[in-house]
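Next up is one chain by itself, shown in structure tokens, the form predicted on its own.
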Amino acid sequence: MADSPVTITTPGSDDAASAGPSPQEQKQMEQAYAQMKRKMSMEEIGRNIKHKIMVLSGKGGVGKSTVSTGLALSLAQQGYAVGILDIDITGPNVPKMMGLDGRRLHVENKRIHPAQGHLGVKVISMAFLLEDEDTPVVWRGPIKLGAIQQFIGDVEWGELDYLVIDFPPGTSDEPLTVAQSLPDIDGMVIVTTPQQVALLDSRKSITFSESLKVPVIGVVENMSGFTVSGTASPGSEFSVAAPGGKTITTSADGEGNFSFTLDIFKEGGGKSTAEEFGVPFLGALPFDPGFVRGGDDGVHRIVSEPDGPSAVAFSKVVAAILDQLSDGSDGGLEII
């Protein structure tokens, strides 16, 4: 008599498959699908945004967010379509500087639509998601990095000429995540102030670019000097006690007008650092108390005084950036 057939049920058999995936497996599949969609979205965003500029500083307090918003507004002033991605998860300041304090983001078809600030600049920031501006964001690394990927992949930026990405101080997870997630980044702008402590940290940022394999577009020196203007008797000369024990001698012109610059935080450090590392020096921005008032009021100096000295200084920095981008990688730090 023939042996009776033996039926063996395995995890891959019809009986096991009919039960469907377990809740854990279902969750894993959904996460994988969402990650795949986000990756495809990032690639599409990369194609729709012509230029992507990372703005970094090795140290806090150098005015990096002021520079980021200034670059974006100066570019918009020249007719470009611009967006700002505020990656500072724990200390987002860009919305306040752009007059968008208290604004909430619009979500449609699971896509996040940026808020729109001065001169039509589009803005995405963690600040839009906080119920209270005093609420701290206490997130561990993986959650923070997931939020950054969502800010990149789930946002409906549309077509932009420039995306300015504002980072928190230092060289850590945030720039690494963006560099790995967003394709075809043009390069990074390093912000420093003239004093030695800030210059030491800016050097670290330049070296950090090698690990990211992102070129350095150049160095911007912020708070480079405070210009004092006034009137006196025509042709009169006088001396002013300046920082560092220096004395500045100046004179009024034939109409009684005079001006001189005080180097509050020393001078020339940004340029010398750029020369030392063989990267472009993009220019110096003045120490302007109007930036403080404008940041608090949500009206950047470029908006309040579009033809003023600070706006002119920003336009020169932007011109230098555009010149570097038009030259390709020849002008920046070459990564081998």
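Remember, predicted model here, so these are calculated numbers, not experimental data. Residue numbers here begin at 1 and follow the sequence given.
The discussion below concerns the form predicted in complex with a small molecule, not included here.
Participant: Would all three of Ser74, Asp161 and Val318 be in contact with the small molecule in the predicted bound form, where contact means some heavy atom lies within 4.5 Å?
Facilitator: Negative, none of the three is within 4.5 Å.
Participant: Evaluate Gln149 for contact with the small molecule in the predicted bound form, applying a 4.5 angstroms cut-off between non-hydrogen atoms, and reply yes or no.
Facilitator: Residue-level check for Gln149: no, no contact with the small molecule.
Participant: With the cut-off set at 4.5 Å between non-hydrogen atoms, does Asp88 touch the small molecule in the predicted bound form?
Facilitator: Yes.
Participant: My question is simply whether Gly99 lines the interface with the small molecule in the predicted bound form - judged by any non-hydrogen atom within 4.5 Å.
Facilitator: Gly99 lies outside the contact set for the small molecule.
Participant: Is Phe281 a contact residue for the small molecule in the predicted bound form, using a 4.5 Å heavy atom cut-off?
Facilitator: No, no contact at 4.5 Å.
Participant: Among the candidate stretches 153-161, 88-96, 249-257, 181-189, which one is within 4.5 Å of the small molecule in the predicted bound form when only heavy atoms are counted?
Facilitator: Only one stretch qualifies here: 88-96.
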